[in-house]
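Next up: just one chain, as C-alpha cells, the form predicted on its own.
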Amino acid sequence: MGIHMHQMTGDTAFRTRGLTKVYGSGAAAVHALRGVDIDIPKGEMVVLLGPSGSGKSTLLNILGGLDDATDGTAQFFDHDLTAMRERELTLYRREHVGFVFQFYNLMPSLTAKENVELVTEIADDPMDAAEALARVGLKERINHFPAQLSGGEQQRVAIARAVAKQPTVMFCDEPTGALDSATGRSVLNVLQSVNQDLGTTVMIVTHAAATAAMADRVIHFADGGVREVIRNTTKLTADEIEW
C-alpha cells in the first residue's frame, strides 16, 4: 500500500482520538500520553508548548511515524497511522514527512549540498538541493562543510534537507533549542516562509513560549494531555516576537 498524494483528501492533516502512549509496565509504567484528542488542519503552523516530559515530543514522534501508540488512533488525512505496519510507516515518513531536530544531525564529511542530496536521492519528487539551500538563505554556502558553518547555518541546512523532500508536513523538535535568540529568530523565519510559501503543515515542539505568537494554533501540553488549544487571530512574524 503506497500513500500517495492523490489519495490524501480532506482539510485535516492529523486527527487523533484517545491517543495514549505508555512506556514500560506495572509500577514502572510511564504514561507519556493520556488520551489526546486533537485536529490539525492542513497548511497550518502549529506550536506545541509545555514543560519537558509533558508529552509533546511523544505526540510528534507518533504523528511522524517514529513511534507507535499504545491505544487510540492517529490519522493522517484518511490514513490510519496507528494501523500501519513498519514498512508502511517507513514509506509514509519517506514520502510525506520532513524532520528537524534540536541537533542538526548533519554528516560532517559532506558539504551542505551533499547533506541535502542524501534526502533528495530517495525522495519521490525532490526539490533541487541548491534550490532548497537558496530558500533557507544559504545560496553562498552550498559547498561549505558543517564545521565551516555557524550553528544557525547548520540548522538551516537541516531545514533545507527536510524541505527538499517537498514534504506534506514538517515536524520540528526544539529547532531553536541550541541557538541564541537572534539566530533562533532567523531559523523560525525560515520555517514560517516554508509554511507560507510552500503550504507545508509545520508543527514545532518547543518550550520557548514566545514562539507561540507565530502560530495559527498553539497546543498547550501538561502531564501527557492537552490542557488547552488557542487559535491566534493575528500572527506575528519571527521578527516581531518578544523573546
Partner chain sequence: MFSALDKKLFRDLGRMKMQAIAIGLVIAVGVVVLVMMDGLFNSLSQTKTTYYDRYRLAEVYAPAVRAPKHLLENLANVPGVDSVIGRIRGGGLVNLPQEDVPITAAIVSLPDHGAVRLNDIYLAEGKQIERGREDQILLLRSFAKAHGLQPGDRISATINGAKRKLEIAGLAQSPEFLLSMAPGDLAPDDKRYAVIWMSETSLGAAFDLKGAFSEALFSLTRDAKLPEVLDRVDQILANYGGTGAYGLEDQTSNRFLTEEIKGLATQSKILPPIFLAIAAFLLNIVISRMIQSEREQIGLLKAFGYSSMEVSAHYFKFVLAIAIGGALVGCLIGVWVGRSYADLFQQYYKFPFLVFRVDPQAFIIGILVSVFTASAGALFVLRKVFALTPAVAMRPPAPADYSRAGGFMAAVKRIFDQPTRMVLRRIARHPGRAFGAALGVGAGMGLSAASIGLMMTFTNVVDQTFDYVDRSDMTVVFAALRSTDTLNELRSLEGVTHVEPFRAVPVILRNGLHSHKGAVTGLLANPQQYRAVDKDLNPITLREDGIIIAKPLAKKLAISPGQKLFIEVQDGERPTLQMPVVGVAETLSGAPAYLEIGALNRALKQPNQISGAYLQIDEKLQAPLYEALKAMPVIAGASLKSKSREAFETLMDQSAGSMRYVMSFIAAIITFGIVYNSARIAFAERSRDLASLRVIGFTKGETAFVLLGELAIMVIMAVPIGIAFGLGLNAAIVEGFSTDLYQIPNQIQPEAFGTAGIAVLVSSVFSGWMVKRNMDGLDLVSALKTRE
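Given the structure is predicted, the values throughout are model-derived calculations rather than measurements. Positions refer to the first chain, counted from 1.
One more form of this protein should be noted, the form predicted in complex with its partner chain, which is absent from this view; the next part is about it.
At least one heavy atom of E114 is located within 4.5 Å of its partner chain in the predicted complex. In the predicted complex, its partner chain sits within 4.5 Å of a heavy atom of F99. Its partner chain is not drawn, but in the predicted complex it has a heavy atom within 4.5 Å of L66. Heavy atoms of R135 never reach within 4.5 Å of its partner chain in the predicted complex, leaving it off the interface. For the options D80, E140, D128, E121, the residue carrying a heavy atom within 4.5 angstroms of its partner chain in the predicted complex is E121. Each of R94, P108 and K165 is positioned with at least one heavy atom within 4.5 Å of its partner chain in the predicted complex. In plain terms, the part of the chain that comes close to its partner chain in the predicted complex, with a heavy atom within 4.5 Å, is 58-66 out of 197-205, 58-66, 179-187, 31-39.
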